[in-house]
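In the form predicted on its own, a lone chain appears below as structure tokens.
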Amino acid sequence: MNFDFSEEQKLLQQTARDYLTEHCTLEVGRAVLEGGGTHSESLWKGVAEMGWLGAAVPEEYGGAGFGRLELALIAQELGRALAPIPFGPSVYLATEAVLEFGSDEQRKKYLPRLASGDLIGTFAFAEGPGRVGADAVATKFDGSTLTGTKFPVADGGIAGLAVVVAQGASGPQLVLAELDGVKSDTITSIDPSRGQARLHFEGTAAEALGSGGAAAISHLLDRAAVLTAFEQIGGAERALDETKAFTMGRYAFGRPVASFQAMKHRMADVYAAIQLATSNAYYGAWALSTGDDELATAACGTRVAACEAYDLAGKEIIQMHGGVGFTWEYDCHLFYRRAKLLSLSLGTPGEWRDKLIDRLEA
């Protein structure tokens, strides 16, 4: 079985890397983080013009008509660049939800706007700190309106459309709600370059998105976990590259600190974790792109390995930069912040480990 990508897919990835190298330096993310903004509007516009927002959207709905493998490679480069844009919530979750579960009318109405970037989407699941479970959701959907509070909602303050998990007549289900007029509060998070908000639904007009119930919610999270993993792997790879470059250029006792065995071992551990995560992510991407039933277990392994790799890379970049590693002026904390944010965005690694055990035992 060949898990490698085709030459065309690798060319797409290289194009994405070249574009982001020019237009999304770490200074772009730092400017959003320090400036109190919600995202980089110029980068969002550029990414839309490159067609990445609609990479997996069929051409009939205004997308590029690629597939999830191509989208995964783009995600890896966005992660490598620490892109300060609402790509994940809008593309991996909102767009994927409409594609997978939407009616033809809903697809025609929302996908062209999501693919063009005119409409930013998000996913509203959690209702406070702690473990997120569909059965514990208190937000109500009566068939035409939503009532309840969701937080944290990634990029909820700038999104115009939300895919909401709510309790319907037959249990938890996915609901579509336009956010014009919905009250939102900004929430402070560990990574201010990616906004978080609290959304208040007070009889907000909404409509059902499919009829899959809890199974649909779980399937959507599995799909997003695989795509997010590529973003995490890209970030971990960049953190390791930055660590290697710094330690190769810093000298102690007349030799680069990277040449000391203790440093080599730590970087080797990070490299091994990234390779393990990459192998899992390739497996998950294959299952995602082919619609294989193994996606349910592959997504769990992918999610756990990617979280662990980025978490380790985010910690070690700080440690191996020595005394300057924790300072604001150096970029180490940017990777640490993004690693922590992404590891909590779809549920913790521990929750995904439990999910994997349950699915293997079923």
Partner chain sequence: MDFNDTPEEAAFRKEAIEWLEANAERLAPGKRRQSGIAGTGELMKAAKAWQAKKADSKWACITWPEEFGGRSASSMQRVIFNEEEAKFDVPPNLFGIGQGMLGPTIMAHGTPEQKDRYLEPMLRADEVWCQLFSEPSAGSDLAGLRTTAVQDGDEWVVNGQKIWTTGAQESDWGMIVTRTDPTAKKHAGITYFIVDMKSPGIEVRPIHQINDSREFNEVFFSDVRIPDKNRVGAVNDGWRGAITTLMNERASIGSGGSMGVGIKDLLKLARETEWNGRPAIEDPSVREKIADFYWKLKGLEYTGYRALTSLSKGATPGPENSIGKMVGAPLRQDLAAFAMELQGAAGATNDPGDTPFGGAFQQSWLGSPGLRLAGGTDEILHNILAERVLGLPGEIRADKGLAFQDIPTGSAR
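No experiment lies behind these values; they were computed from the predicted model shown. Residue numbers count along the first chain shown, from 1.
As for the form predicted in complex with the partner chain, it is not shown, yet the points below apply to it.
- The stretch among 34 to 42, 329 to 337, 50 to 58, 297 to 305 whose residues place heavy atoms within 4.5 Å of the partner chain in the model of the complex is 297 to 305.
- Taking the partner from elsewhere, residue 219 is found to have every heavy atom lying beyond 4.5 Å of the partner chain in the model of the complex.
- At a distance threshold of 4.5 angstroms between non-hydrogen atoms, residue 283 is in contact with the partner chain in the model of the complex.
- The partner chain in the model of the complex comes within 4.5 Å of no heavy atom belonging to residue 188.
- Put simply, residue 179 is far from the partner chain in the model of the complex: not one heavy atom of it is within 4.5 Å.
- If you check the partner chain in the model of the complex, you find a heavy atom from every one of 255, 272 and 360 within 4.5 Å.
- Only one of 183, 264, 140, 108 comes within 4.5 Å of the partner chain in the model of the complex through a heavy atom, and that residue is 264.
- Checked against the partner chain in the model of the complex, the candidates 211, 144, 103, 279 yield a single residue with a heavy atom inside 4.5 Å, and that residue is 279.
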